[in-house]
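In what follows, one protein chain appears twice in different forms, each by itself as structure tokens: structure 1 and structure 2.
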Structure 1
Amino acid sequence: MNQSNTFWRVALLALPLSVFALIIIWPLLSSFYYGFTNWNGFSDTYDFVGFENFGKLFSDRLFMSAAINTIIWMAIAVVLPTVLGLSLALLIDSHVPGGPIFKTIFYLPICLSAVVVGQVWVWIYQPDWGLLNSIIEYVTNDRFNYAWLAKPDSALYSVIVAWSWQATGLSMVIYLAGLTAIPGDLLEVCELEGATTWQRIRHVILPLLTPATVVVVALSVINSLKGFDILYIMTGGGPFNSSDTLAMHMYNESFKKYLMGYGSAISVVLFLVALTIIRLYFKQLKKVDEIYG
């Protein structure tokens, strides 16, 4: 029995694990390796340059601004989809008529590709006939043609709003799943104790939603690190690299300037950031699991 179990373990795991190792693990490790070279993407030869690439990061003004933009993106990602998703979930969970339809509407953007979402939002921000400026013109009754995506001050934030539009649906359904998991008798107890709706939300529902919040916040942060497609479509990191993120900067250095060695160094940084977040996430999950079962 033991021998046959071992045989089947090996037989069944061989293919998935070797594909995973070859396409995910091995490239991950070799990214570190390429980070120490000056490979240019074409030539068969390259040199070891030691820590040069990593040293260069600190003097690279664009890298620094990309890092700051990434942090801004993460910070907004923690707040915007989370708060919006939670509010929507609470509203929908109140047995409002048409709840399932609302749920579908808020969730719908998730099935659209970032390319399409990006394009749609380019139109929203379009200076002449975009929806945003049209509304502002309608309200102020004055000519308004601010180019949201073409101004360094607003480009990054405009993209993040578009991204959040798509990310909110996921937060909402995770919160909704969390809400349905709250035992009904707990809420009945609140009612018997005469708690107001606000007290009930504040003191019972929100604490019980902690596991969902951990998941939502972590996923938002992790997904914000992955945000590339939508940025590529909407601004391409511009104008003047003002909306660059680490992922974008890495792509530009590697596939536009063909500095693959330097690009690898950036991807190593990206990996370390992601690793830190994921470890924090798993740790929080474990903690939450111990308290909330």
Structure 2
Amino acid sequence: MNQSNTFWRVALLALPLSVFALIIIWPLLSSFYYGFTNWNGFSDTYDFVGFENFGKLFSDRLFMSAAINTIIWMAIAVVLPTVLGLSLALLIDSHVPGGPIFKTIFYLPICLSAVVVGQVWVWIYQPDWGLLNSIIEYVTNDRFNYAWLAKPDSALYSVIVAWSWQATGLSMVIYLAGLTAIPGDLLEVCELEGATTWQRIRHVILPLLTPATVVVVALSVINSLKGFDILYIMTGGGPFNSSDTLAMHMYNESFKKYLMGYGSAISVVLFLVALTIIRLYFKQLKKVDEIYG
């Protein structure tokens, strides 16, 4: 009987594990290997260059700029979706009229692909007749045609706002799930003791939402490292590489300049950064489980 169960376990796991190894493990190992070569992505021949590609990273001005932009993206990607998601969750949980409708509306962007979201925000940022400039013109009663995506000073931040708009819905749902786990009796006791709304939020709700906050922050950081598709649609890393991130820089080096070896080295760095963040996330999650049980 045990031998039969083992056979079926192996048989049923063989196909999915094979597919996983083929589309995940093999490309990952290949990236590590090609990172030590000068392969151009097409040629059958290439040379092993050791750590030359990795050494080049620290002297590459575009790489350093992309790394700084990635840090900025991660920082804002943590703050905006977390604060907005928490605010919306608290508002909806307060039984505001039409709460379920608002919850559906706020969650809807996460159901859209990044390509669709990017196209929507390209229209919003359109200089001549875009929604944002039209609103500013209406409020100021003055002509306003600022090119948000064509200016180096605003391109990156404009894309981050669009990305955060999409990510806020997921943060809101996670916080709503956390709010349902808070005992209603505890909040009633706080109210009877004369605690104000802000005091209840600061001293009771926020501490009890720590596990949800850990999940929201970790997902925001990890997803920000994958912020390629919306960036590709909205700016392509421009203008003048001002909105380049590590993911976009890796793409440009690999598929536009045909420096597949160097692009693979960038992908290895990006992978190690993501792996470190995920490790810290699970470590922090373990601490939270020990505290809150």
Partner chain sequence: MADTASLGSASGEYVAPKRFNPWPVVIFICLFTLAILFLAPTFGVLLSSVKTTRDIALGDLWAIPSSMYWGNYIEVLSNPAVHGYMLNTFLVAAPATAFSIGLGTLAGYVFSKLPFKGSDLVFLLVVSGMFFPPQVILIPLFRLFNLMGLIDTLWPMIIVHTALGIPICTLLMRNFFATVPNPLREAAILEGANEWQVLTKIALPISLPAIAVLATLQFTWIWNDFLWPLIFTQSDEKRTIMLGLVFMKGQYSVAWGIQGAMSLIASLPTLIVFLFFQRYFIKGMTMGAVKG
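If you superpose the two forms and keep the largest set of C-alpha atoms that fall within 1.5 Å, you have the rigid core. These numbers come from a predicted model, not from an experiment. Sequence positions of structure 1, starting at 1, serve as the residue numbers.
Asks: The form predicted on its own: is that structure 1, or is it structure 2?
Replies: It is the second structure that is the form predicted on its own.
Asks: Superposing on the rigid core, I want to see if residue 280 changes position between structures 1 and 2 - specifically a Cα shift of 2 Å or more.
Replies: No, because once the rigid core is superposed, the C-alpha of residue 280 moves less than 2 Å between structures 1 and 2.
Asks: Honestly, after the rigid core fit, is residue 192 moving at least 2 Å at Cα between structures 1 and 2?
Replies: Yes: residue 192 shifts by at least 2 Å between structures 1 and 2.
Asks: Core-aligned, what does the C-alpha of residue 21 shift between structures 1 and 2, expressed in angstrom?
Replies: Its alpha carbon moves by 2.8 Å.
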